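One chain comes next, on its own, written as structure tokens: the form predicted alone.
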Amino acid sequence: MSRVKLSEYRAKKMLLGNDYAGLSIRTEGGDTLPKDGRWVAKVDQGVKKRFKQGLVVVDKSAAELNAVIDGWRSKGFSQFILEPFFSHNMKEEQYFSMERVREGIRILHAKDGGVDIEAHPEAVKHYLITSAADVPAVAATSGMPHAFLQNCIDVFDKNFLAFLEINPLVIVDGQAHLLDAAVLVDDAGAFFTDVWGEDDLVRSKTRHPAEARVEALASTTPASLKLSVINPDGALFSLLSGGGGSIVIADEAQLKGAGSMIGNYGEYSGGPTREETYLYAKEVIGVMLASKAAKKALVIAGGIANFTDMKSTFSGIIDALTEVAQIMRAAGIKVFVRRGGPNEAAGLKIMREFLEKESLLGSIDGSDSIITKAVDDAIHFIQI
């Protein structure tokens, strides 16, 4: 289970229901923009410090919205939120957050601060909700409307929220106005709710095309295929097997001081076929070849598989490497392997024979070597 971020639109829709007048605009959705009124527009993809990056505009006419959103689209953003402009005094801005902790729900609230709360930590008051009986006292002490606080707690509990932040929060005549909201949910909750889903999750950056292709591939198979491009111009690229082993190997690179070299992260596991492994490996290798790093290495590693056939998956990787072996050789790229599991001997044999034939072999080890052997060898190769 992990915490994932929902769009601001979905967060506010959960909290305000039909009273919420905001609009969600997506590049692929063919949405119609409003034709009148004054509006606030934001990129709604989990980007931090949006104001400083020019990804928020305030008090714009409907006629101005097209140009604003087109400008953001040209930068690769695809999801936006529009809200009617709410005029207020900055002195009215408050800070409010809720987080699920072992003891219950921890609330942080500041009557002063708003978006500048980091400069006024002394203004933040801490409260703890352990049962429904605590709500009236917290509302009275904090000055927050009881109905608002109770609704936040109800939404928090019913929709698997792990964290909620409203900043700034403006309260006028007992009514709460949510000028900005951020929500983290427990991703396991997606199986138990129809209030939010995959379409509501946000990505803080434009996806690399290879990530999108791997995601599409993963949707067609029960195997696990994941790819995150961390640094397109990295030097250390990997084909990792198994979630636990992948984490260990990536952590090893970081501990060795090579974190900035890591080009990608992800995994192939769950018994992918030779063809599926070929298609996955082809995406990772393509990202590696496009990197501008002067010296590069490919790590093929993982724990000891329970049922993923090493000969089959290694055959798929070899299929992908065969297509670009000459290019890799010319670029001086070496391949470092450490893997174990079913058909280990046969898989290591065909991989060794291929890498030696193509002059791509860095090192190759099986389950009798430490899990971090390949990544350690690769880092040493890049650094010498």
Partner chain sequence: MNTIEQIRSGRTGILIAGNHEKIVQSILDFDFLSGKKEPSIVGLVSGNRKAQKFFFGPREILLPCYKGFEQIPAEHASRIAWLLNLQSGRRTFDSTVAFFAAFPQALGAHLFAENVPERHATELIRRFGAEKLIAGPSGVGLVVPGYLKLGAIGGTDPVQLSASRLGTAGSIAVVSTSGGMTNELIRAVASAGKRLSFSISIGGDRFPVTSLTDVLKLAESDPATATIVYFGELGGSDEYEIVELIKSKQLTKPVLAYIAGIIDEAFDEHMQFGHAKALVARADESARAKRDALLAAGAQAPETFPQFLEAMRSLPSTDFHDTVFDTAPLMDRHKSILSTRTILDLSDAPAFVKDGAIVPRSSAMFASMSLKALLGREVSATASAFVEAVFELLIDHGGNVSGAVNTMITARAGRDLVSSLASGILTIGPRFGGAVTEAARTWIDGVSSGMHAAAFVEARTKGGAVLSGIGHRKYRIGIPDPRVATLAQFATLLKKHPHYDFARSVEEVTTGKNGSLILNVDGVIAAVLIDIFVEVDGFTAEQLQELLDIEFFNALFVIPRTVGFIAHFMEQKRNDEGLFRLPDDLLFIRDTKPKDKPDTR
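Bear in mind the structure is a predicted one, so any value in this text is a computation, not a measurement. Numbering follows the first chain given and starts at 1.
Form predicted together with the partner chain: not shown, discussed below.
Among residues of the shown chain, Gly37 is not one whose heavy atoms approach the partner chain to within 4.5 Å in the predicted complex. Contact between Ala21 and the partner chain in the predicted complex is not found at the 4.5 Å heavy atom cutoff. Contact between Asn343 and the partner chain in the predicted complex is found at the 4.5 Å heavy atom cutoff. Heavy atoms of Tyr127 never reach within 4.5 Å of the partner chain in the predicted complex, leaving it off the interface.
Proximity to the partner chain in the predicted complex, taken as heavy atoms within 4.5 Å, picks out 182-190 from the listed stretches 144-152, 70-78, 282-290, 182-190.
Put simply, of Leu255, Ala140, Met90, Ala216 only one has a heavy atom within 4.5 Å of the partner chain in the predicted complex, and it is Leu255. The partner is absent here, but in the predicted complex a heavy atom of Ile262, alone among Val202, Ala110, Ile262, Leu169, sits within 4.5 Å of the partner chain. Three-residue candidate spot Ser7, Ile25 and Tyr278; no residue lies within 4.5 angstroms of the partner chain in the predicted complex by any non-hydrogen atom. With contact defined as any non-hydrogen atom lying within 4.5 angstroms of the partner chain in the predicted complex, the contacting residues in 356-384 are Ser367, Ile370, Ile371, Thr372, given in sequence order. A change of 3 Å or more separates the two forms for Trp72 and Asn264: their C-alpha atoms lie farther apart in the predicted complex.
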